[in-house]
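Only one chain is shown below, in structure tokens, and it's the form predicted on its own.
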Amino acid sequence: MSALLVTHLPDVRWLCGFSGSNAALAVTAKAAVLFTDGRYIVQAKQETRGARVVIAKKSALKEACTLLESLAKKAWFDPEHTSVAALEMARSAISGKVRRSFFAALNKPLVSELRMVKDADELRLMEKAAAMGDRVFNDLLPHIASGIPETDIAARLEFLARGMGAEGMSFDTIVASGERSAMPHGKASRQRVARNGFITLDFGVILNGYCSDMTRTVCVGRLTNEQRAAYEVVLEAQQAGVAAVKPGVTCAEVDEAARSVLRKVGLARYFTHSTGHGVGLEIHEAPRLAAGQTLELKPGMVVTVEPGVYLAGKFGIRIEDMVAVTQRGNKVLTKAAKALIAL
């Protein structure tokens, strides 16, 4: 009989509900057993569903592997989320005769592939997280002005999120103004917002374990004709990408729908990342919307659509929504205004 060893924490949570920072889930055809440590005695019992809980005396991973050896002839693991050190620790818990052959790497991720398609309950949770992100953005706008450090804006944004009940931020908040807006991942700095120019705000909240993700680019003061035209074409590209999201369409086709709009006006070379990614218990998960990605979208998947243009030394623009694939098309979960906002 074969078994499965699950150590990637988002996979563990998805399978049995446990959200602690140390866990190993041993799964066989007949049962599932969660191993964790003494910090989580109460939490594990409260959260875990469909698995028996064992509080390990020493190593949760080793005790899970010892159990697996007693129940199965082979245990599969996900190589994308298993370090060399973790695999060696797991093997050290197996008897010498079968130590090198007991564990086998899956050909492709199993649990994360299942997690790509969200059920109705998950979609409701993600819709709530996205709606919170909308409220945070709208409440933040009156606090943005020239002369304010980017870090102050990020602090205000995160304060608003926590005040609304967010468990945390999905990732380090990006606030990039002026020339720094040309940095796709320009984390908030002490730079003060210039009198005229763009500010890119990329952030997400965690609510009930699920992440939100959105980007809006707003302007302070006046824009040049070049900046205004660039914003309009990025918005057009983003809307084209969103419109392409539907069942049966490949991830590459969505990417091309957005990228082709920029290509027509000579800006595609300034779009330096993929068009989007899956979102769920993790801020970045499968699928990936990029060239060469042949996976077809299915109802229940939630992806971002986030084309951008980044002109080094000048400015950058990105617009991003979370989009759920429905039976016949899509539903945009992030609903904050995308028309250019001047502050």
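Note that residue numbering follows the sequence shown and begins at 1. As the structure is a computational prediction, the values presented were derived from the model and not from experiment.
The protein also exists as the form predicted together with a further copy of the same chain; that form is not presented, and the subsequent description refers to it.
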Sort through E226, D139, E80, E113 and report the residue having a heavy atom within 4.5 Å of a further copy of the same chain in the predicted bound form.
-> E80
Which residue among L235, L123, A182, A244 has a heavy atom within 4.5 angstroms of a further copy of the same chain in the predicted bound form?
-> A182
Looking at 23-31, 62-70, 38-46, 293-301, which lies within 4.5 angstroms of a further copy of the same chain in the predicted bound form, counting heavy atoms?
-> 38-46
Is there any non-hydrogen atom of K97 lying within 4.5 Å of a further copy of the same chain in the predicted bound form?
-> no
According to a 4.5 angstroms non-hydrogen atom cut-off, is E158 in contact with a further copy of the same chain in the predicted bound form?
-> yes
With a 4.5 Å heavy atom cut-off, would you call A145 a contact of a further copy of the same chain in the predicted bound form?
-> no
Indicate whether T272 is a 4.5 Å heavy atom neighbour of a further copy of the same chain in the predicted bound form.
-> yes
For the spot marked by A85, T151 and R190, is every residue within 4.5 Å of a further copy of the same chain in the predicted bound form through some heavy atom?
-> yes
